[in-house]
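In C-alpha cells, one chain follows: the form predicted alone.
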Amino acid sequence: MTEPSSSYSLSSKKRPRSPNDNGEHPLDRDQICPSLEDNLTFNDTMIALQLMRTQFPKLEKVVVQPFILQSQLYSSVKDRTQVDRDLESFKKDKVLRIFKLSSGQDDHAIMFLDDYLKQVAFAIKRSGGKEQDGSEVFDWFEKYVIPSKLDVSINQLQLCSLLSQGGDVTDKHITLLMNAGLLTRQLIDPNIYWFSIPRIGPILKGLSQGRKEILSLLNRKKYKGMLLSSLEKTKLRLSPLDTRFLIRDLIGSGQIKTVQTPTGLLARITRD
C-alpha cells in the first residue's frame, strides 16, 4: 500500500491550508480516484482529509458540502493519537469544524470551515433568507458565534450571550437558527444545542443503510469477508453512498478489519 508523503508539520508556524484558500484546490474533487487498496492509509492527517474530501459522494437533489467522518480518518491514518492532536490544532486554527452526528453515538463529521460557511449561507437562503422577520440573527450567528465557539455544542447561556453582541435575543431568533438546520437541541438536556450541518439528513440515512448492507454482505460470505478490491466495486441497493466512503467508515469504527493475503487485502467482519 502506498503512503503519500506530506510537507506539512504541526511544528510549522504557518496555518494549514484548507482546500478553498485563494480558490485553489490541492486535490481536485472531480479527479479519478485510484483503488482504495492503494490509498487506504496515509502518514499525514491533512493529506488524508483533503483526499477524502475529493471522494465525498455526490447525491442528486442533495446539496451538502463535503465532509469526512472521523471514523474514516481513523481508518486512514495509523496513529490515532496524532490524528486527535492534529484535529485539535486544525480546529483552533479555524481550518475546520467537527460536528456530532445523530447517526450513531460516536459518529462525528469533519468539515473544512470554508465548506461549512458555504453550507450555512445556502441553509439561510433556503430557510427564507435574510429578509424574514428576525433574520438579523443569521448575521449574529456568522459574526459572533461561529468564530468564538469551536466545540460541537453550545449551551443556552453561551449562545444568547454571543448573539446578544448583535442585539436583543428572543426565542424567535433561536427558533430561526434551528429551523435553518444550524442548531439541534440536545434531547437529554434541552439547554444544550449541537452545531449541525444543514440538510444532512439524506446522507445520514444512506450512511445507516449502507453500513447494514455491507455488513450483511460480508456476513453471508463463507469466511465473513471478501477482497477489498471486489468489495469497493459492489453496487449497493439500499444506499446511494459510494462503497469506498462506507468501507473507510466501517474500518475506522472497528466493525471490519483488513488482512493482507497473497491475492490482496481482505476485508473481514471483526469478531468480538
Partner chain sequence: MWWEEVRGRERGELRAGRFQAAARARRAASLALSNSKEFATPHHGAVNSLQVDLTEGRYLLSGASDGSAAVFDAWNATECQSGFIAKHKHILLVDKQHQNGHRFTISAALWYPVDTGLFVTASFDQFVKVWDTNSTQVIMDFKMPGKVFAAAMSPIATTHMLIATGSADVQVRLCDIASGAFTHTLSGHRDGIMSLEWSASSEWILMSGGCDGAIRFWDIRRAGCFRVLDQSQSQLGRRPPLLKSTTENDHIDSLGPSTSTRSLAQKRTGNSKKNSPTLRKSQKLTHGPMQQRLHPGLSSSQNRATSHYGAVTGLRTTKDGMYLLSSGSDSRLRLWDIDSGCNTLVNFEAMRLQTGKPLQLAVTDDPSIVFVPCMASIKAYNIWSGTTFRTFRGHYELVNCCYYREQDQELYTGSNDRQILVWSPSTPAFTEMEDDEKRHGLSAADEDNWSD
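Positions refer to the first chain, counted from 1. A quick note: this is a predicted structure, and the numbers were derived from the prediction, not measured.
Missing here is the form predicted together with its partner chain; even so, the following discussion is about that form.
**Q** Looking in the model of the complex, is its partner chain within 4.5 Å of a heavy atom from each of Gln55, Val62 and Val64?
**A** Heavy-atom distance to its partner chain in the model of the complex: none of the three under 4.5 Å.
**Q** For the chain shown here without its partner, which stretch in 172-180, 134-142, 190-198, 112-120 has non-hydrogen atoms within 4.5 angstroms of its partner chain in the model of the complex?
**A** Flagged stretch: 190-198.
**Q** Only one of Ser161, Ser127, Thr184, Ser103 gets a heavy atom within 4.5 Å of its partner chain in the model of the complex. Which one?
**A** By the 4.5 Å heavy-atom cutoff, the listed residue in contact is Ser161.
**Q** Within a 4.5 Å heavy atom cut-off, is Thr258 in contact with its partner chain in the model of the complex?
**A** Contact check for Thr258: no, nothing within 4.5 Å of its partner chain in the model of the complex.
**Q** Residue-level contact is defined here as any heavy atom of the residue lying within 4.5 Å of its partner chain in the model of the complex; does Val152 satisfy this criterion?
**A** Flag for Val152 set to yes.
**Q** Taking 4.5 angstroms as the cut-off for heavy atoms, does Gly254 touch its partner chain in the model of the complex?
**A** So Gly254 counts as contacting its partner chain.
**Q** Where, within 200-220, is there a heavy atom within 4.5 Å of its partner chain in the model of the complex? Residue list please.
**A** Contacting residues: none.
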